[in-house]
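Take a look at this one chain, the form predicted on its own, written out in structure tokens.
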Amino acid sequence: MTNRTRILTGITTTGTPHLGNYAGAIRPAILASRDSHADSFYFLADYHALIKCDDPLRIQRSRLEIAATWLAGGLDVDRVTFYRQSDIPEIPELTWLLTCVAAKGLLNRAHAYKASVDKNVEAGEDPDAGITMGLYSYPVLMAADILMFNAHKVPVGRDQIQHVEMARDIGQRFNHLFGQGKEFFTMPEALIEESVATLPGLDGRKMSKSYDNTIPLFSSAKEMKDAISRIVTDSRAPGEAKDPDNSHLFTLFQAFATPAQADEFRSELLGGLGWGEAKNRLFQLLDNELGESRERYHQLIERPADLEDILQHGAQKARAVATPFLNELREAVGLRSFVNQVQVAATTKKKAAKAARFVSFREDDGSFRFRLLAADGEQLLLSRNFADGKTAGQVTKQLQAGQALDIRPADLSFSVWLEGECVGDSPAFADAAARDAAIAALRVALTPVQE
């Protein structure tokens, strides 16, 4: 298990990357992936794309273009894990396990779902008109993406913070229900990059395909030059001082320039540089910055078999983590092989000789309980409900104090009593022999260690 911080980023495959995507997400993520303290996972979120787009050709083309863009931008696939979401069958299976513990009330509060409902209501439509289960349960799929690889940090925009918080809620619920003291899922944190550039488009609004104001990233030099020529500027003539701080063109230049280049460009604009020449300077800067990457991009696009090999290799790396982990989770929820079941009667004594432990937790109704777990996590005892944590703690201390235990067998289980009150119950065992072995294990677990 790596001690490095695991960072996970998904890229939805619904369009062609533009300059704003590159400056705002792709370039900073590629730079971050070179950090030796980071264990980076990058994936093409093509299952997510199906929620937003029902054009198969567009999704297929976007998968190809986005994969090529990240690789052309310098993503080192030997250093990171780069894969397609749809190549990891464990992700939809985990999505179902998480769906079975995710509260409907939690999903009702998801921003995307609420916005769609509000839009329908405003239009006088049925609240759920046009809303698919894909859109509704999108946060559970995103939780599976994150929790499958136990990511510590998830770089997201502000609109996605809620989804990371929902992943935490769902992961905590699973841990509580099935962990028996084991934390299967790491609690992820949203990583908000305040410094990441939001680039203006040709008209000054945020660069976005929905505004049709984008500058293509890896199209031909001529297409880039044509797009730059359409950037909206003010009417100041050559020779007149320009205002760099209110110029979309300067903002774009600054995002790709060194500080020295930006200072020089600022001075020239203040000195009266004409807008036509300024646009030419921006084109030269971008062409120098992106020329080599553009060439690599087109080579990759023309060799899709190479891209496929790279992504399949990434899927193997990802599944090396996902497959054994999902097997653990299947075991935890009871989806177990009949052949490999461990006989409690044969092993309980051996397990109990190791260190057992108490795990306290709080129920949804506010009451407190504890479990006594054997060293391997097997549950020996589950307490009754206590009104407060202090009372529950006092009972665990009494149980560990070394006094004679009042254990009362009943059918294939048993209960533990203190001062005439039942304080906890065992699970049901396969037979009386297994129950008696568990009672013996409990006595050993609660016997104070002699120094």
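So that there is no doubt, residue numbering starts at 1 and follows the sequence shown. On a predicted model such as this, the values are computed, not experimentally measured, just so you know.
Not on display, but discussed next: the form predicted together with a small molecule.
K.L.:
Are all three residues 10, 146 and 156 in contact with the small molecule in the predicted complex, where contact means a non-hydrogen atom within 4.5 Å?
P.N.:
The answer is yes; 10, 146 and 156 each reach the small molecule.
K.L.:
Though only this chain appears here, would residue 160 touch the small molecule in the predicted complex if you measure heavy atom gaps against 4.5 Å?
P.N.:
Output for residue 160 is yes: heavy atoms within 4.5 Å of the small molecule.
K.L.:
Check residue 27 for me: does it contact the small molecule in the predicted complex (non-hydrogen atoms, 4.5 angstroms)?
P.N.:
Close contact is absent here: in the predicted complex, residue 27 is far from the small molecule, nothing within 4.5 Å, heavy atoms only.
K.L.:
Does any part of residue 138 reach within 4.5 Å of the small molecule in the predicted complex? Heavy atoms only, please.
P.N.:
Yes, residue 138 sits close enough to the small molecule in the predicted complex that at least one of its heavy atoms falls within 4.5 Å.
K.L.:
Is residue 51 one of the residues lying within 4.5 Å of the small molecule in the predicted complex, judged by heavy atom distances?
P.N.:
Because no heavy atom of residue 51 falls inside 4.5 Å of the small molecule in the predicted complex, the answer is no.
K.L.:
Heavy atoms within 4.5 Å of the small molecule in the predicted complex: which stretch in 59 to 67, 419 to 427, 380 to 388, 38 to 46 meets that?
P.N.:
Of the options given, it is 38 to 46.
K.L.:
State the residue from 94, 142, 72, 249 whose non-hydrogen atoms include one within 4.5 Å of the small molecule in the predicted complex.
P.N.:
By the 4.5 Å heavy-atom cutoff, the listed residue in contact is 142.
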